[in-house]
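In the structure tokens that follow, the same protein chain appears in two forms, which are kept apart as structure 1 and structure 2.
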Structure 1
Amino acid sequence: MKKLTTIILAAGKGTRMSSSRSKVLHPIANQSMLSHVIDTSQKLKSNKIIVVVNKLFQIPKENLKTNITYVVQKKQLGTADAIKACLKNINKNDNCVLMLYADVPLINISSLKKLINLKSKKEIKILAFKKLEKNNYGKLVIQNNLVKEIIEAKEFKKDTQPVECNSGIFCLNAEALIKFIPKIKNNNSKKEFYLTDVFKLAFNSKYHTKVIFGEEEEFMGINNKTELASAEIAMQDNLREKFLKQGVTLVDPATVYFSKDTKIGKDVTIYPNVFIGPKVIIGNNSVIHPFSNLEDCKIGKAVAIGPNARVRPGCVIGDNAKIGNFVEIKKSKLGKGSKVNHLSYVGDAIIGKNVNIGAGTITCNYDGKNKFITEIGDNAFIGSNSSLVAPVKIGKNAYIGSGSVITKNVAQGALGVERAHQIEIKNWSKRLKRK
């Protein structure tokens, strides 16, 4: 049986990112590069996943998964040194050790599957791509279809370099790794221990150092903000393609942004200029109108959102509900068929079924120190321009007169109205003119 150990290298300094945040925690489609690679290795059914990190790295909550071993590389002496730090966690009987780089996040399962089907203990396979323009990737020196060695871009004295670029991702038997890693030296311009030197050592020991070619887009390494932006574009295109194939209507796909974990049902339409942040689920037949922003929320079936709506974290929107233009809703539950159609702020509210929230209604959920809840029962009608000062409860079938500032609970079926009596002064205009 195949025993697969996956090592993810994530300890680098990431200086080219010019950021105080660890390089591998930068997001693509709202998920860190490291998480993308962890997800991929989990889908591959690795027996063991080892992530090599530096001593400053704090493991994000989302990555605290039980089947992941974190190993600290004390000093960043190069990629081979990072592997040395985790050799003690590698069992020599593992017939398949896969090297992944946390800064190569777009890698697909299908490419990795081609890599991990090693035929013998003496086989090593690497993923590569061809690129004619000058670049900083390591280059493969190929002889009789085998990789003779990999030379880092910086180590070339001449301007001409091979076009075969190293993705960094390769797979070999644990015994081979244990044998070659200690032999790697740092006699190069950067005084670093290059993991890529494994190939020279293996080739010279008559190993079958094979190469599988693919596309740069999938293998691209992210070292700076420009490359991060390119990866985001590529990932967004993939997500758009996935949702279009799934039957989602995107009126202008290039202007709709998704997160890696976005889930969308059948016959959903999304109009131009919509941003979907992390943890969003959209039910069947819903419509998201232009310029809407959704984050960490569950949208039911046949819901209409926007245009220009903001649905913030913690919202659950019931089937057939409507959230209209210039409405912000946060940490609230909106029952089936309820409507907040115009210019409202709804926060920390529990709203029943078939409720109508009039234009300009505000839930005043915050007193400057604490947040409070507004509860609104089924079929209630909140008149326009009302302020509901939480904590407050509006009963089922109750009405609120428009313009009210409601500070006390309103009973079922009652009318709550808080408004000064209107007075009328006759002939006001004539009085004004006399002055």
Structure 2
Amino acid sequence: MKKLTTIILAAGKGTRMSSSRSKVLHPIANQSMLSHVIDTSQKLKSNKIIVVVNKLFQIPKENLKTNITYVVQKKQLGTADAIKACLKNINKNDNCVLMLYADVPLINISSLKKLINLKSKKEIKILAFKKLEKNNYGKLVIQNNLVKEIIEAKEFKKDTQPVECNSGIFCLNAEALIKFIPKIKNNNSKKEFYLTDVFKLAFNSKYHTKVIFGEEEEFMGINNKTELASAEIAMQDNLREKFLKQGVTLVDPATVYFSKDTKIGKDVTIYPNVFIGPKVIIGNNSVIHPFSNLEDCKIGKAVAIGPNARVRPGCVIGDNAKIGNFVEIKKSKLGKGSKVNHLSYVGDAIIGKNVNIGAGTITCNYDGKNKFITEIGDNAFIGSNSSLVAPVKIGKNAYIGSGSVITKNVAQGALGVERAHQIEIKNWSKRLKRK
């Protein structure tokens, strides 16, 4: 099997993003641009992934993986200079090197598989697309079906430009890269070292510089918040199409938002205006009703969520459970067949099987300094408008009377009630009116 080294260029300052956050760390579908490209590289089974960053870049914890090497480009002198910064990390005997950009996260893996399939050491393949309208992309000058050179839009002297546009993504043999990079000069208006000059050098050295065409959308570069929003729309459309093909029913697809890592089982129905954050797994036959928000949680089989429900991080919802309207649940386990039907808050709780939690119930998990756990046993019944003050345990088959504030454990099968005595003052309204 051929060895593959992937270089991801991520050293740009991204000033047009008008943000204190590094451009490539801005999220699309709740995952940073850089993470999208790293994931793509890993799916290609890259033996080594090199990310070129600037000196101000702070490596995210989720990207600290063993097969990723971060190299600092000390000065932004162009894309070829970025490659020069990591040449010492490239093994001359590696079969090929793939060039990717951290701000081009929509690239299709099928296109890249065509690109990395090099037939010889003297073959270079580049991804491109055709665009008739005037634009700022670099242009491919093609001669005898080979790329003679690539000219940046600002450097093009002629009024009539080729329609073949450069994506910037290409693949070549490691030996060729090491050979050509030191030869690139900065004889251009910006005095930068352009990586695209590799093609002129390769063509003049009788290399086979071939083009693979794709769709413009997958090569979308992101430089500002407007383009970031456009990329989000494109990514969401792709995710919706993926889940629809997978058999998920989306009643109004355009109003449902997914994360890149969302996992959904068979025969799931999702109603309009649902937001699914990172790390969400939804089991078979579950239904997510309108205006619900899910994040970092595991939803079992045949579960009903919402409408207007919020399932926060750390939740595990058992099979056949139900979380109804205006319910918020956080860092809790809800057992099989249990129900929290409406107007409740459940936080830091372990709830058994077939538990019924009445309307208006809350687990009082926070005392202003520490958080505590509420445990509710199987088949327990929690009456409406109850407050369970943690730490507290409600035994199996226990009952909590409506309107109770429970501060002590309730034994298995017992009834826990806490209420003040009701009093009645006769003729109160008449007395009040005399004042």
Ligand code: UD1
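In this text, rigid core is short for the largest set of C-alphas that superpose within 1.5 Å between two forms. Because the structure is predicted, anything quoted here is derived from the model rather than measured. Numbering for residues begins at 1 and runs along the sequence of structure 1.
When you get a sec, tell me if the form predicted in complex with the named molecule is 1 or 2. Answer to the question: structure 1 is the form predicted in complex with the named molecule, whereas structure 2 comes from elsewhere.
Using the rigid core as the reference frame, would you say K242 shifts its C-alpha by 2 Å or more between the two structures? It does not, since the K242 C-alpha is displaced less than 2 Å between the two structures after the core fit.
Taking the rigid core as the reference frame, is the Cα of S18 displaced by 2 Å or more between the two structures? No, its C-alpha moves less than 2 Å.
Once the core is superposed between the two structures, does K119 show a C-alpha displacement of at least 2 Å? Moves: yes, 2 Å or greater.
On a rigid core superposition, how far has the CA of N427 moved between the two structures, in Å, if you could check? Spelling it out: core superposed, C-alpha of N427 shifted, distance 5.2 Å.
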